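Only one chain is shown below, in structure tokens, and it's the form predicted on its own.
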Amino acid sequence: MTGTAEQDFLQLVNQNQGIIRKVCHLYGRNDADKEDLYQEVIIQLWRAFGSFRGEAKFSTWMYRIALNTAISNLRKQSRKVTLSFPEFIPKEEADTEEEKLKEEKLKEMYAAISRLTEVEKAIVMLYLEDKSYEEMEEILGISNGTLRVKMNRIKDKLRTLTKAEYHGA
């Protein structure tokens, strides 16, 4: 890269700010929380930027910092996270019964995801982003084998939770 460290940092953050927004959306309770978390992630990224050696992709490094910041903030606040995923749920009224059923199942799935632990939510978010287990390992610092076991357990947990949601348990 050329330019000052500050210019390089701003350029990289601008190119990858969607990562920060996704993490903030996943872990923030409301718009104010999300904005506060966004600012905190930027601060933590800047503080750590001098130690970024380019051994991993910048986006992988950014995910790691953003997730660690979000999870640390949650632990400090010691309150339960409520997830919302409006960008995944169709905004228009479903036209057909099939679309309505699909929309309802999607809402059930995200309600179930909201009941997962912070680490499980991070794994699901990265999985939904089509990250490989190798990329998840690098971002989360969890071994590939452990990630695979956790993912199987998360899938089982989500199956159980969606059945409970569907049947009112």
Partner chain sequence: MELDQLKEMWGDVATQKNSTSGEELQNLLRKKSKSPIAKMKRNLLLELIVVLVLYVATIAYYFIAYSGGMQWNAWLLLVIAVFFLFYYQRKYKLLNSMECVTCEVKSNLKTQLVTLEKYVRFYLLAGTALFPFAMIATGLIVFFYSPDITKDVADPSGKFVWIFTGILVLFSAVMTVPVYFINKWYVRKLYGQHVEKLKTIVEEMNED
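It should be emphasised that the depicted structure is a prediction, and the values quoted were computed from it without experimental measurement. Residue numbers count along the first chain shown, from 1.
Note that the form predicted together with its partner chain isn't included here; everything after this is about it.
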### is_contact(residue 44, its partner chain) in the model of the complex, heavy atom dist at most 4.5 Å
yes
### Task
Considering only heavy atoms, tell me if residue 102 and its partner chain come within 4.5 Å of each other in the model of the complex.
yes
### Task
Could you confirm whether residue 141 comes within 4.5 Å of its partner chain in the model of the complex, counting heavy atoms only?
yes
### Any non-hydrogen atom of residue 7 within 4.5 angstroms of its partner chain in the model of the complex
yes
